[in-house]
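A single chain, nothing else alongside it, follows as structure tokens in the form predicted alone.
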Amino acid sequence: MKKRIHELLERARNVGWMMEPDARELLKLYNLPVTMFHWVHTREEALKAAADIGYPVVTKIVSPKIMHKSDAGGVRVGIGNDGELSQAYDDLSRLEGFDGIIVDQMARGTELIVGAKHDPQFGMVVLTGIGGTAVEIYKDVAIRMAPFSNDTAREALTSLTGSSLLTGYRGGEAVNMEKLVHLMVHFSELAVDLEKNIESIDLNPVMCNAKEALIADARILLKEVQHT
């Protein structure tokens, strides 16, 4: 496991961040749940991947030149059939640095953002907030020092102003808190283990429902190597 983690980190050093397929593999090595996906390099492989996952699916560009995929037009959501998928593949294949696409499960539920970054005073800290874009507007986040226990993860979640969205606001579906707490605890352990190598990690969104909590996208930025 340690050897593979080292390989993934080294492969990302040239660009300074980890492409999503490698980021997902790294997360899985820490027992973190990600949406079902396939990394494909041909239209035929994409169609087979969608048949395996089941429509609707999400497609995302894989390119060392494109870190912010949505800004570059590199994400297509709600693809419902082979024709739409073929068109999405053709469009994404024209983007700079094309290295295939991810065909991804389209998970549903309450969106959370979970992130980690290095704080000069406290070391690695984990941030949690409700809502993919809403977190930027309402600043409803909880920050805890990593690593932490199940109790601390649960306390961080219940401290959020919007925590009622997790427990079934106005008859809505309550999320599986055990799965979400498990995700946060293992993520905090990853953050500490990789503190010397990683500047920040963003899991956005983490999709939570009554059955599971799944990471649907991940961005990992590496620290610059200090040469002496």
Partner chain sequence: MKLDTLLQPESLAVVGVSLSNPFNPANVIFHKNNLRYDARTYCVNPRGGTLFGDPVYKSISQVPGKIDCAVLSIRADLVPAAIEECIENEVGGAIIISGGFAETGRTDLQDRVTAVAHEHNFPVIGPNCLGIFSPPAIDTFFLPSERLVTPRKGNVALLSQSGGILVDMMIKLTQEGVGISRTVSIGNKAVIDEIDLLFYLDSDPKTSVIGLYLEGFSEGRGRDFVTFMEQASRPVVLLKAGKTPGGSRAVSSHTASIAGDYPVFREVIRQSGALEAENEAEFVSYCESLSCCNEAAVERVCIITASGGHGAMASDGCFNAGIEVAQIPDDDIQELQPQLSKSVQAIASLNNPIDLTGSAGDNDFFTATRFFLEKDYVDAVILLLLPYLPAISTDIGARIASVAMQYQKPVITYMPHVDRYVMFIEGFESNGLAVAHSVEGAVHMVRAMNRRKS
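Owing to the predicted nature of the structure, the values given are computational and were not obtained by experimental measurement. Positions refer to the first chain, counted from 1.
Keep in mind that the form predicted in complex with its partner chain is not shown, yet the notes after this line are about it.
Note on contacts: among Ser200, Asn197, Asn176, Ser163, the single residue with a heavy atom within 4.5 Å of its partner chain in the model of the complex is Ser200. For the three marked residues, His68, Ala146 and Glu155, a heavy atom of each sits within 4.5 Å of its partner chain in the model of the complex. Interface membership of Gly83, defined by any non-hydrogen atom within 4.5 Å of its partner chain in the model of the complex, is ruled out. Within 4.5 Å of any heavy atom of its partner chain in the model of the complex lies no heavy atom of Asp90. Residue contact check for Ile113: one or more of its heavy atoms lie within 4.5 Å of its partner chain in the model of the complex. Its partner chain in the model of the complex is not approached by Gly73, whose heavy atoms all lie more than 4.5 angstroms from it. Note on the interface: of 104-112, 73-81, 117-125, 91-99, the segment with non-hydrogen atoms within 4.5 angstroms of its partner chain in the model of the complex is 117-125. Applying a 4.5 Å heavy atom cutoff to its partner chain in the model of the complex picks out Asn204, Arg219 from 204-220, in order along the sequence.
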